[in-house]
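In structure tokens, the next block holds one chain alone, the form predicted alone.
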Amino acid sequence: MKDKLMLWLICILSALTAVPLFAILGEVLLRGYDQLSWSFFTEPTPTAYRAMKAIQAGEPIPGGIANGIVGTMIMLGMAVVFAVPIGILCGAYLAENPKRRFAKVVSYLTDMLQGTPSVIIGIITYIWVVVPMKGYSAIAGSVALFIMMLPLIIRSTEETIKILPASLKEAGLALGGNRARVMLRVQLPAAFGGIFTGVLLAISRVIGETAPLMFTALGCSFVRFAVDKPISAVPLLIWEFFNDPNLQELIWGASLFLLLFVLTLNITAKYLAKKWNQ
């Protein structure tokens, strides 16, 4: 009887943890699904005047979030290009040299960086990048995202390499390979599934950040591909829509896009982790 009661209690509590998730998804889906259209993804954000005229005429608000999507992809792409190789190499070093003093210092700093509030990272990036460049830019935004992604990739790489069978490394060394070659040609390929999962989770972690981009990318009302100029992002657009009464209806469509994107990344990461474990 006690076993059955505990089982039911655990099942009920587990179901309750999913209630907020489904409540959020349901609310955003009901309010934002009718805004999703081809123009919503291909047109830039409308001006407040155009939105006001459409509301007065009883028409849907024109425009979309193309500028935010393009800006998000540009900054994410630049951040991933630098964060992935640096994070993987750093994680491999920590996994291979856990007892070295330098590795302990790096591990401690990684934990500190992972717990740093995103707004602090935005302020520091503003001082390091925006001030010297004398302007907001996609480069500054990507630096902020890079700093936030780095500890997640380092930790996922380190933990994945640690759980690999020791026989893989021993076999590589027995065949005459040095430690660097064995790491690059044997251990990292064997850990690819876990590392790739960590990268996807890191992307899903930073894609919804707003505070760092407010201090670095600032935002832009049209589609821009220049990396040395202010650029928009989907989280920034949501914040701008919230502050403009004429554009508040667009919050739901932008939020739905962001939630679906993050949800897709998380499901993909879970699938790859399961596949890799098999």
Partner chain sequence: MNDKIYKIILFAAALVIPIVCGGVVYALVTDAYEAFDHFGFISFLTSSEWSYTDGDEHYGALPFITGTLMTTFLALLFCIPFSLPVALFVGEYFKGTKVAAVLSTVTDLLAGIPSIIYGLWGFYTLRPIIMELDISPQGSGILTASLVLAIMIVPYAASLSAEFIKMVPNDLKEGAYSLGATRAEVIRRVVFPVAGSGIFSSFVLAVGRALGETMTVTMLIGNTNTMPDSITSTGNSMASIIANQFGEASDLRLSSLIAIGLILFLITAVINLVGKMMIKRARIS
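Numbering follows the first chain given and starts at 1. Whichever C-alpha set is largest while still superposing within 1.5 Å between the two forms counts as the rigid core. Values in this document were obtained by computation on a predicted structure and should not be read as measured data.
Just so it is clear, the following notes concern the form predicted in complex with its partner chain, a form of the same protein that is not shown.
If you check its partner chain in the predicted complex, you find a heavy atom from every one of D111, R179 and L263 within 4.5 Å. Screening M133, M73, V81, V119 for any heavy atom within 4.5 Å of its partner chain in the predicted complex leaves a single hit, V119. With a 4.5 Å cutoff on heavy atoms, G64 does not count as touching its partner chain in the predicted complex; it lies far away. Contact check for W252: a heavy atom falls within 4.5 Å of its partner chain in the predicted complex.
For I154, a non-hydrogen atom is located within 4.5 Å of its partner chain in the predicted complex, even though that partner is not displayed.
Under a 4.5 angstroms non-hydrogen atom cutoff, its partner chain in the predicted complex lacks I163 among its neighbouring residues. Here the chain stands by itself, but in the predicted complex one stretch of 50-58, 37-45, 231-239, 65-73, 231-239, has heavy atoms within 4.5 Å of its partner chain.
Of all the residues from 2-16, those having a non-hydrogen atom no more than 4.5 Å from its partner chain in the predicted complex are D3, M6, L7, I10, C11, L13, S14, L16. Once the rigid core is used as the reference frame, the Cα position of A15 differs between the shown form and the other one by 2 Å or more.
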